[in-house]
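The chain that follows stands alone, in the form predicted alone, written as structure tokens.
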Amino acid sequence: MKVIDILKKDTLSMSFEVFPPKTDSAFESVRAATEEIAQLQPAFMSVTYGAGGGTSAYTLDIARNIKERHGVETLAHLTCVSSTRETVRQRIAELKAAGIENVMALRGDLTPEMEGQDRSGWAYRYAVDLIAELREHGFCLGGACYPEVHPESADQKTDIRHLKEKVEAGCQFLTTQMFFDNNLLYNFLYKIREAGITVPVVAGIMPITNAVQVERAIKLSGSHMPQRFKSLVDKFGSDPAAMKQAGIAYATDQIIDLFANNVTNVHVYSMNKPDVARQIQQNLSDILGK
């Protein structure tokens, strides 16, 4: 089943993101965690792709396992940064052979050694280049968007213009970067609809369950931390159990507010934590009908 068909249903949905292992030795533990999350029967699950494609084989293995063993639709991430056309076409062939119908098309993060490189000769400089190629292969295509502006964009107007280019190239739905203030998303949605971007937008929610994640989240995404969230971390950050409970409650509250304001599809960045995914789903059981 294609993710776009799930998103177009007139129902509330929640999906989860998982990530593949970085090493062979971690594969079994990661697979077990992703299977526990799959047993929750989310709307779909996405499987990330390591920087530079380092975990690409594991991405495919995890995605195929979730779909075949648990009947949960999967969305495999594919990045193109510094990749050759031959490499990407090989990945496409592997995805099709595995029966994967849905792809999250991303440029990918630039590694430190890539920062100073001349990118003019790269086959794929931006996600839009990858989307244009994938469109020819019949995949359902997702893309990323940033309610708080992509860190490399000059301003939000420029960012939205590039986002529209991705949609025009074949991107059928968008998933947001994490955010902790729902008003940022509501403002963003208003602006992109005004710009003529009408595809479904899935809200990406990151449950922060320990204080270390706060610094990491800010570093990775530059996300604004509202005072309400800062107070939560200040109060409970030194108590792991309390911080975990408070972080799950905060994420749950965000999701309830999103659903109440007609954002019907939410994607939870699970960090491969089945207990966190399970608790959030249980908190929303009657709302989701699960």
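From 1 onward, residues are counted along the sequence shown. Everything numeric in this text was worked out from a predicted model, so none of it was measured.
FYI, the form predicted together with a small molecule isn't displayed, but the following is about it.
Novice: For the interface check, one of 157-165, 179-187, 209-217, 86-94 should have non-hydrogen atoms within 4.5 Å of the small molecule in the predicted bound form; which one?
Specialist: That would be 157-165.
Novice: Check 146, 150 and 269: does every one of them have a heavy atom within 4.5 Å of the small molecule in the predicted bound form?
Specialist: Judged in the predicted bound form, 146, 150 and 269 all sit within 4.5 Å of the small molecule.
Novice: Does any part of residue 122 reach within 4.5 Å of the small molecule in the predicted bound form? Heavy atoms only, please.
Specialist: No.
Novice: Is residue 105 close enough to touch the small molecule in the predicted bound form, meaning at least one heavy atom pair within 4.5 Å?
Specialist: Yes - in the predicted bound form, heavy atoms of residue 105 and the small molecule come within 4.5 Å of each other.
Novice: For residue 171, is any heavy atom within 4.5 Å of the small molecule in the predicted bound form, or not?
Specialist: Answer no; every heavy atom of residue 171 is more than 4.5 Å from the small molecule in the predicted bound form.
Novice: Are any of the heavy atoms in residue 48 no more than 4.5 Å from a heavy atom of the small molecule in the predicted bound form?
Specialist: Yes, residue 48 lies within 4.5 Å of the small molecule in the predicted bound form.
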